[in-house]
Ligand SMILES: Cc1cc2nc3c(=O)[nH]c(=O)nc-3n(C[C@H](O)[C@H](O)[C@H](O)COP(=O)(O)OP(=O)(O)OC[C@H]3O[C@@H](n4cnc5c(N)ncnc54)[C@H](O)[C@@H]3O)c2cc1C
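Here you get one chain, nothing else, as C-alpha cells; it is the form predicted alone.
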Amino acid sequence: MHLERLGVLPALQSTAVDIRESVFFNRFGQLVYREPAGLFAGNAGPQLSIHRGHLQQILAASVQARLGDGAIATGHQVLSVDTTDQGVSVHSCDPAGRALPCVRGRLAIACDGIHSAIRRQLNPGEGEPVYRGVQMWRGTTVFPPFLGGASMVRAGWLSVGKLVLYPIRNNVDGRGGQLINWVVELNAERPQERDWSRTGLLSDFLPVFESWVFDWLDVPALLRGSALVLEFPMVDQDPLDSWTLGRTALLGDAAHPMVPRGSNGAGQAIVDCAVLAACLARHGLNEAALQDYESQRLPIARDIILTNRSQPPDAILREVHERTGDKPFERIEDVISHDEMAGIADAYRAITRRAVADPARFAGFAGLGSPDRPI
C-alpha cells in the first residue's frame, strides 16, 4: 500500500472509514451481490473511504513535515512550461490572472487535473472530452449508519436511476452519525459543463428516487439532507500515446482522465506517484526516469480508461436490470449466478491489480523526498 509506505496510514485510519464490504442492490432495494473489501477480503491493506479534503490535508501535512512549510505554494494557475536540456521553467498566474514569477527546476510534473493546461500544450491537436450520456450529481449528508456502517453500496441502473454511497467519516455529530458520500447518476442527452464546483439542483433528480425507501435506508431523506449538491457530466478523454515531452510529464487526471468507476480516478493517481517516485530514485532527476514512468503506467491507465467505459464493476447492475426487465425478482439465483457476478468483479480487479503487481517497481519510494533525501 503506497500511502502506508509514506507513513500516513495511521492518520488516514483515524479519519477515514474502513470499508468492510461492497454491496449491490436493484432499485427496489433487493440485495443482488455482496463481497468483502479491503482487509476483510484478505488484501494487504484496508479499503479506506475518506473525504477528498481530509485526504489532501493529511498529505499536505506530511509534505510540510518532510520538506518544510514553504514546500507547498497555493493560488497558482499553471499556464505553460518551457523545457531545455538543463531544466524547465513553469509559468503561472494568480486567481485574478496576474502573472506570477517563473518557477524553475530540473523536471516538471503536471498534476493540473482534468483542465490541464500542460496536457493541452503537449497535445495541441487533442479532441474534446467524450461525453458518455450520463449526468452525475453528488453530495454529503450526516446520517445514521446503514448496513452496519462500513459498506460501499451501488444500486439501480442508469436508465432508471443509479446510486453509489458510502460513509467517509464516523461520528461526525457526537451521536454516532456518519458523513455519507453519495452519487446519483442518470442518462441524459445534454451534458453540463465539466466543472467540479458546478452547483446542481435537487429537483433535477430527486423525483426519480422518491420511491427508494427501503428497510435498510431512506434514500430520499439522505439526498435531501445534503447542504450542497454538485453536478458533473460523465466524461473522459481518449488515451494519449505519450505523457512525456523532454523534462515534462503528466500525472493523475492530467494524464488519464477517466469515467469515475471503481475509485480509480484517485487510486491510479496515487499509483502514478509511487511509480514516478521509484523511477526518480532509480534514474535520478532526468528524462530517463520520466520515460520509465510512462512505459510502466501509460498502458495500464489506458486499459482502465477503456474498461471503465464498457465493463466497470457496476456492470453487475446492468446485467440484473436487463435480465429482469427492471422488475423485482423472487430469487437472484434465477436471474444471474453468484459465480457470474463474481467473474465480472474479478475481471475488473484483474485490470487494476496490474498497477501494483510488482513490488520491486517501488523500491526507494518510501525514502524519496524524506528529510535526509530531498528531491
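Residue indices: 1-based, along the sequence shown. None of these values were measured; they are calculated from a predicted model.
Keep in mind that the form predicted in complex with the named molecule is not shown, yet the notes after this line are about it.
Looking at Asp236, you'd find every heavy atom of it more than 4.5 angstroms from the named molecule in the predicted bound form.
In the predicted bound form, the named molecule stays beyond 4.5 Å of every heavy atom belonging to Phe143.
Contact between Lys327 and the named molecule in the predicted bound form is not found at the 4.5 Å heavy atom cutoff.
At the 4.5 Å threshold, heavy atoms of Ala117 reach the named molecule in the predicted bound form. No member of the trio Leu12, Phe40 and Asn171 reaches the named molecule in the predicted bound form with any non-hydrogen atom inside 4.5 Å.
With the partner omitted here, the stretch from 249 to 257, 286 to 294, 198 to 206, 122 to 130 that lies within 4.5 Å of the named molecule by heavy atoms in the predicted bound form is 249 to 257. Interface residue among Pro220, Gly267, Pro299, Gly105 relative to the named molecule in the predicted bound form, by the heavy atom within 4.5 Å criterion: Gly267. Out of the listed residues Val271, Val88, Leu163, Val78, Val78 is the one that sits within 4.5 Å of the named molecule in the predicted bound form by at least one heavy atom.
Residues Cys111, Asp112 are the members of 94 to 112 with a non-hydrogen atom no more than 4.5 angstroms from the named molecule in the predicted bound form.
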